[in-house]
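For reference, the chain that follows is the form predicted alone, supplied as structure tokens.
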């Protein structure tokens, strides 16, 4: 957009979006505050994802009121993926939707003295008269895979310290970057701090500010001798409205002053050389629904769009139109396999304070999913079952804590409540936690119980399906569980309780009448009674049957028999867990 002298050009305020109703309300209050200033001709606010109103509605409202030129301001504290890629891409689509529509793009809000003063006021408020000289401050930013954005937080920490009299100000991050909240608090403790104020460098309420509070509370509980407090967010206030209007005026003058000298999407920085010139792709962020899509409205097409449309500032500086300056998220952001600050692979969806419930597959190390392996590589703590792939544990990075959940049949095991408590405790300490299970976590794996326990404790989870032994064991023995003209259905049953047990939920009578494939897990101790009941209720005694022990391992054993002889075979062959039994005509195909 060509620079204009009309200082009242309408303002479009663009937020990222949040699942927090309080955060949405604070954003709306700021928009209303600026609207009441009557400093510009018109004001609308919208989000690129997660919240309403979407950006497309906000632009549509301005266009409906006759506006074709406006200032679009990203309501972000630092220029990272949203400011550099997502918002410009969404605005580019609006230009296609409304011919003749144009905009000047403002720069991020921080660093700025107005924000630093607001942070100091929030810190002083929680100090309630306690002196600054004895106070250490942990300034906690969002965290990004863009090093330039993280450097901005460190710069704000230094500027907040200079001349204000605090004992010190240390930067930290709640997601995607180090040091984490627990790490920076522990650093201050080791530096001798007795009073610490955690200052969230956030505008509004949301999932991440809540996580900062929870992780701070966990740290404070572990060190009751320390005075640890949490300051309020910047929030809707006059200082923030003043700054928004300053950025509006800058955009109209073409005075954007974007920092490109340390932008990882423009110049090669150590550890980030794979970002330069890469096309931008959709990416996950900490406020996104866990393990799912972003939930974009029509203004944000999640399925394969590229953020390469970009925007052009008034002074001719272009973002995203070619390899000379392409902002966005290449490998190492979101779904990519970049590296975190410790040189380990990281994927979107496993962040400090989060638990991944990962299905490890039927046993062999190389039958875990690609996503499951990547999350395992990113873990700080792994809570593993006996049937989880043991070779994967041996290959973990040094320093990863492995918690053995055992689960040995008829032997020692870690109670489910203790497992749940361990997952929650490590997540609350800010660690990346993987619960590694055999097979698929939702197939007789109690995975959903662990998800529920984490949810009740306010801990986010990611679920990674695994290859279930219910289909893998027969396949590794050469037997399909379904086959055209032979079996059109397959039933997977837990045999840990025998027929007749009052706790059993299985309709054994119906299974006796069925004709399809029956797969029995955890049935080594009950297979004789199960086979007899199946024959009693209609299964032919000579129905082909199969048992596979240690599927996929060098010790795999595969034995076949008739259904009425299956129990005797298991005893005679000394079958031991893990073993899978298959009953049905498909066994004959092997």
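Numbering follows the first chain given and starts at 1. Remember, it's a predicted structure, so these values are computed and weren't measured experimentally.
The form predicted together with S-adenosyl-L-homocysteine exists for this protein as well; it is not shown, and the discussion that follows is about that form.
- Annotated contact segment (heavy atom within 4.5 Å of S-adenosyl-L-homocysteine in the model of the complex): 549-557, selected among 533-541, 30-38, 46-54, 549-557.
- For the chain shown alone, residue 10 is not a contact residue for S-adenosyl-L-homocysteine in the model of the complex, no non-hydrogen atom being within 4.5 angstroms.
- A residue is said to contact a partner when one of its heavy atoms sits within 4.5 Å of a partner heavy atom; residue 443 meets this definition for S-adenosyl-L-homocysteine in the model of the complex.
- Using a 4.5 angstroms threshold between heavy atoms, residue 570 stays clear of S-adenosyl-L-homocysteine in the model of the complex.
- For residue 438, a non-hydrogen atom is located within 4.5 Å of S-adenosyl-L-homocysteine in the model of the complex, even though that partner is not displayed.
- 468 is the sole member of 354, 150, 420, 468 with a non-hydrogen atom within 4.5 Å of S-adenosyl-L-homocysteine in the model of the complex.
- For the candidate set 463, 379, 177, 387, a heavy atom within 4.5 Å of S-adenosyl-L-homocysteine in the model of the complex is found for exactly one residue, namely 387.
- Using a 4.5 Å cut-off on any heavy atom, the residues of 513-527 that reach S-adenosyl-L-homocysteine in the model of the complex are, in sequence order, 521, 522.
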